[in-house]
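Quick setup: one chain, the form predicted on its own, written in structure tokens, and binding and motion questions come after.
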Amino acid sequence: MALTRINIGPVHPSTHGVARLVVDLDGDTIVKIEPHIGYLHRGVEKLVETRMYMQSPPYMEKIDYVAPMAMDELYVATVEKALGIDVSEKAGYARMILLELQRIASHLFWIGSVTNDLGQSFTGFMWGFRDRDIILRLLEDATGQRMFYVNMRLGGITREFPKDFEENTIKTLAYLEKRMKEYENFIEKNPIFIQRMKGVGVLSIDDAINLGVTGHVLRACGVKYDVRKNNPYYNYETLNFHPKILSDGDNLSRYRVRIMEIEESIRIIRDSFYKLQSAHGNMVGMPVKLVSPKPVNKIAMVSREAPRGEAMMYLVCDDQKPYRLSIRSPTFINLAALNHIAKGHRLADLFSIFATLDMVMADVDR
């Protein structure tokens, strides 16, 4: 069998970054995909070894630039565990509110991108970015920054929420609830979108577990696993929410899980604001000092349900700076599963499959 080998990327509009995919084809049927990375290597895991603990959060936010707060919080939480610093109940709810707003913004970015990738006019793209901008304005009000927030501090966040922050957020959430119905009607009534998504890129439940995928890719296969529920942190165990699970494991399921997660995040934020009113402790954390308390745990590991799946950090401590840091990036693992998911499909299907995995190449190539 004579195969044709083609390169897709590293400069290609549908790879959303410097991803290079070497694809072997039999006619236009995918036989093998070999992802090549390294074009965007940031070297974050080594850079932090030369910095004091709280000098490194700005590096973390560049790993996933679509959801920077998630990686900032993951790193700070790992340092807190190493140093033996507790987060108050009030600060926990505050972080949950900000992280869920960040999750919504990230998912809206993805919805806009995937509709554009599949040629569903420019409307879906503009809708997603317009509504994401509303969320970014809320985050800017709370943190002072529009994109790279660096607002996590040991034990809390940088500052109290503005007086009108809750009111503005609740209004925005009410608006978004109505908008999500419009998204579903606009996107899912398009027959071309459904044809390119339904039954394409199917991943079985056993293969999903064996490949180690997480987040929406795993839950779209029927696996009921969400770190916020299975290994809760902060005050998630006090909230009555449910991970969104579908069973078909195809592109359409991965899309629909994202839509449902936005709706669930809206409920989580509302409940968190309600419980924040009677929460104890301080919202604001410790001021940044180059000299940190000495670690009480030589090794610390923390996992979080980031917008793209389970993110983990493993930290080996020195007195004033990390001795070693290892990051488990959700998109790196999901990209490694691309060959298995796309094999046997037509070349045209590769772009819809790749899009539903939701790649951020800086997160892959950290």
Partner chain sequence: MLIDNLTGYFYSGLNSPNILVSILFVIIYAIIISILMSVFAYVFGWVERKMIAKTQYRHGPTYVGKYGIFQNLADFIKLLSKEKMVPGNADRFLLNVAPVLLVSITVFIIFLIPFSPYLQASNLGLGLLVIFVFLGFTPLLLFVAGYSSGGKFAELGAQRSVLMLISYEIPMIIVVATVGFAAGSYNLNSIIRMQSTLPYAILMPIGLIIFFIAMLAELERPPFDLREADSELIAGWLTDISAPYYALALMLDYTRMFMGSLIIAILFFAGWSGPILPGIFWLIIKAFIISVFIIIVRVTVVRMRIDKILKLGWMYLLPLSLINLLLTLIIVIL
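Owing to the predicted nature of the structure, the values given are computational and were not obtained by experimental measurement. Positions refer to the first chain, counted from 1.
A second form of this protein, the form predicted in complex with its partner chain, is not displayed here; the remarks below concern that form.
Participant: Among 258-266, 110-118, 166-174, 228-236, mark the stretch whose residues have heavy atoms within 4.5 Å of its partner chain in the predicted complex.
Facilitator: Heavy atoms within 4.5 Å of its partner chain in the predicted complex occur in 110-118.
Participant: Decide whether Ile192 counts as a contact residue for its partner chain in the predicted complex under a heavy atom distance cut-off of 4.5 Å.
Facilitator: Yes.
Participant: I'd like to check something about Asp28: if you look in the predicted complex, is any of its heavy atoms closer than or equal to 4.5 Å to a heavy atom of its partner chain?
Facilitator: Yes.
Participant: Is there any non-hydrogen atom of Arg132 lying within 4.5 Å of its partner chain in the predicted complex?
Facilitator: Judged by the heavy-atom cut-off of 4.5 Å, Arg132 is well away from its partner chain in the predicted complex.
Participant: Answer with yes or no whether Ser204 is in contact with its partner chain in the predicted complex, where contact means some heavy atom within 4.5 Å.
Facilitator: Ser204 lies outside the contact set for its partner chain.
Participant: Ok, Ile245, Val296, Met126, Val284: which has a heavy atom sitting within 4.5 Å of its partner chain in the predicted complex?
Facilitator: Checked against the cut-off, the match is Met126.
Participant: Taking a heavy atom within 4.5 Å as contact, would all three of Val200, Leu347 and Phe351 count as contacting its partner chain in the predicted complex?
Facilitator: Checked in the predicted complex: all three residues contact its partner chain.
Participant: Using a 4.5 Å cut-off on any heavy atom, which residues of 161-181 would contact its partner chain in the predicted complex?
Facilitator: Counting only heavy atoms within 4.5 Å of its partner chain in the predicted complex, the single contacting residue of 161-181 is Arg179.
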